[in-house]
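This document starts with one chain, in the form predicted alone, laid out as structure tokens.
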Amino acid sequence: MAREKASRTAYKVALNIMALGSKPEMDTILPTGILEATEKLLFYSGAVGPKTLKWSKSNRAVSVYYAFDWILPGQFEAFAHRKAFCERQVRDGIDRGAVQILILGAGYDTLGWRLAPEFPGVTFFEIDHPATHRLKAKGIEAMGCRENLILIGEDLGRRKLLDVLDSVVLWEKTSQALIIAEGLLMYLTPGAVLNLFSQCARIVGDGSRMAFSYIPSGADGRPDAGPWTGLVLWLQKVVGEPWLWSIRPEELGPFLEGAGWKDRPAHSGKMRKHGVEFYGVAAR
């Protein structure tokens, strides 16, 4: 991922969400308030201008996204399911006693900003690359800061998560937490993914969970994006955000145990796939 530029993928996902809002049937899947909040964040952060926002909400934009959906079959609508999955996990985690929510690589996601007022006794933390963080923080300030939402700009490729949270006074390593890693793991090397899960296991208390999305591995060991995998992997490399990690669903349990977690397939929907991604939930 480009070091000094805001994430292109985060930008793409946010516009994708806006386009999905133009499809009437998506209102039963997309979390309440996500469309309005995402539009405000994109505009106030300066990431998108009025013309682009207007276009992204049009039927024409929907047609364009569907026209390119053949490259990543089903991924256009899958972003709605992914957002819904993450919000369900956060709400369920809070119901089960989580008092800390940590969102890794949040991009232009609005989950923390939207839920913070609803759960004043829970502290929401977001960590993202400084380039993306700067735009996000600018947008959140214009929208209205939340006392229990803490935005942290750090490059976890250069600084350990353990060290980052050691410097955050409000983070409690012994408290129950829910960690979200949405659309993140595929951009990390295999060693970095294992290290991330291992570090996450050391910063949370008993009863904590970690919810994430991941790309499955194909027979050749590469990330499997469907019939056009070779093209997809090449395009990701060209834009500077290559996919580096994937795993077969049946190998996920042993992998998580090796990192200090236990697999919870019943909570992730077992082996159901949306677009090119699976969802996972791990527990401490």
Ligand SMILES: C[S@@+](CC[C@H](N)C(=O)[O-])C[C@H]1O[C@@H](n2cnc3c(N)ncnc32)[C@H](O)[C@@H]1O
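Keep in mind that what you see is a predicted model, and the values were worked out from it rather than measured. Residue numbers here begin at 1 and follow the sequence given.
In what follows, reference is made to the form predicted in complex with the ligand, a form of this protein that is not presented.
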Quiz item: Does each of A84, N148 and R209 have at least one heavy atom within 4.5 Å of the ligand in the model of the complex?
Solution: no
Self-check item: Candidate from A78, V90, L188, L161 lying within 4.5 Å of the ligand in the model of the complex - any heavy atom
Solution: L188
Quiz prompt | Proximity of R114 to the ligand in the model of the complex, heavy atoms at 4.5 Å | solution = no
Quiz item: Heavy atoms within 4.5 Å of the ligand in the model of the complex: does E126 have any?
Solution: no
Quiz item: Might T132 be said to contact the ligand in the model of the complex, defining contact as any heavy atom within 4.5 Å?
Solution: yes
Exercise. Would you check, heavy atoms only and a 4.5 Å threshold, whether G105 touches the ligand in the model of the complex?
Key: yes
Quiz item: Looking at 92-100, 70-78, 151-159, 171-179, which lies within 4.5 angstroms of the ligand in the model of the complex, counting heavy atoms?
Solution: 151-159
